[in-house]
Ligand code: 4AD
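In the form predicted on its own, a lone chain appears below as structure tokens.
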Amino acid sequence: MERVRIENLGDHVGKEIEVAGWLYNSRSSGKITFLLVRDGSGVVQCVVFKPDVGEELFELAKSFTQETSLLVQGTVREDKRAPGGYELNVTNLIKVGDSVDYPISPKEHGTTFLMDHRHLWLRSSRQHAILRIRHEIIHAIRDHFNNQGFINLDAPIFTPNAVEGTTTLFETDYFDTKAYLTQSGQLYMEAGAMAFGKVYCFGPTFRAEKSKTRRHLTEFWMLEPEVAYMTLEGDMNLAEGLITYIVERVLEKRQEELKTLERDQSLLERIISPFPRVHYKECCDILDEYAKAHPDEEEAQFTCGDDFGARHESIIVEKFDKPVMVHHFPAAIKAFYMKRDPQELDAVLGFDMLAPEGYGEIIGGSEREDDLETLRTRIKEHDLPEENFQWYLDLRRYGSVPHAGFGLGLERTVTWICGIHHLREAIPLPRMMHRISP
């Protein structure tokens, strides 16, 4: 008998097939038992009719507990009222594995309990929806860059130095020296761009930031493209094109998951080009105006020249209904590798993309400093050891060119598109300041 995934039942109407899965829920009424069975691709209602299957099989069906693993054999029938639009009229059932006292029952559970049982919580319909959308976003990202001639390079996890500041490094022993878990693959992608022109890496990064906010994880995934001969304008165009493509793809391919999450899709349908591009100083004016109107709101107070906090980002995006691209941040608050604007020397040729609805920064990018001596000066100003950056300086010694790139935080992007509250649900097994298990 052919084994079929639930998502493909529509191709087998009227045929007898087998589904391999787990019991999601069940109910019994007289001579009929309904088994909701999941297999990872969807949920199907399996109808067990006592006169058709006999006493023994009917009692077996009634004995199954939540998350019992089983094989279900039966005939596929179209039914618009059923989950997924199809039912299975059961002819045979085979128990594969017991499930005794499954801890996540249909009742309400606290977040700590659910995170302690994250390895099981992944089986729920909500988590399925979030992580299938995450999968679609990853697929869309790779398609988008691969179709534009980018080469995917893998950056190392172990690095000898900081990229985004020495205070957020995870240190480890590396034979007879010290190494650090990577904060970013960007510097290595710059080397790749000088070799291939257009490259990207997509992998885990680590920040030892002692933050417990809903926007922070200690291990998260970053997409980092880098392009030779690209300016800030081209960089912003690249980021905008990527986000519009991702949102369009999710709206096209993941309708059922968005419905499960009760996501307001009209807000995603607005995400079309062009995105507003706002100078940092204009954002200062927006924040100053808001602070004057709300003098008692302490989080809203802002000094121009500082970096934005979460509340400041929310105030800025309230003015728009699309992602906002803030550019020309003060050089003093940005990384050593960002190129300064020759016409505005206290500002960098960089940008942050802020997601709508208060979800904060999802992309940060810039032109990179391509002058050898200027870059050496910046490394010194940031109190970084030049000897660890000799290979990086080589990129400026041997055929330096203008180039630019950005980093996209996958979990922040998933959180925004799904319309959920916390990053911890946007990754299968989150690592946070006080969580390294399961």
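From a predicted model like this one, the values you see are computed outputs, not experimental measurements. Residue numbers run from 1 along the displayed sequence.
Beyond what is shown, the protein has a form predicted in complex with this ligand; the following relates to that form.
Undergrad: Ok, 216, 144, 198, 263: which has a heavy atom sitting within 4.5 Å of this ligand in the model of the complex?
TA: It is 216.
Undergrad: Of 222, 129, 82, 291, which one comes within 4.5 Å of this ligand in the model of the complex, counting heavy atoms only?
TA: None of the others qualify; the residue that does is 222.
Undergrad: Is every one of 356, 416 and 419 within 4.5 Å of this ligand in the model of the complex, counting heavy atoms?
TA: Heavy-atom distance to this ligand in the model of the complex: none of the three under 4.5 Å.
Undergrad: Do residue 363 and this ligand share at least one heavy atom pair within 4.5 Å in the model of the complex?
TA: Yes, contact at 4.5 Å.
Undergrad: Residue-level contact is defined here as any heavy atom of the residue lying within 4.5 Å of this ligand in the model of the complex; does residue 329 satisfy this criterion?
TA: No.
Undergrad: Does the 4.5 Å heavy atom contact test between residue 209 and this ligand in the model of the complex come out positive?
TA: Yes, residue 209 lies within 4.5 Å of this ligand in the model of the complex.
Undergrad: Please determine whether residue 423 contacts this ligand in the model of the complex, using a 4.5 Å cut-off between heavy atoms.
TA: Taking the distances in the model of the complex, the answer for residue 423 is yes, it comes within 4.5 Å of this ligand.
Undergrad: Using a 4.5 Å heavy atom cut-off, which of 84 to 92, 99 to 107, 283 to 291, 183 to 191 contacts this ligand in the model of the complex?
TA: Heavy-atom contact with the partner occurs in 183 to 191.
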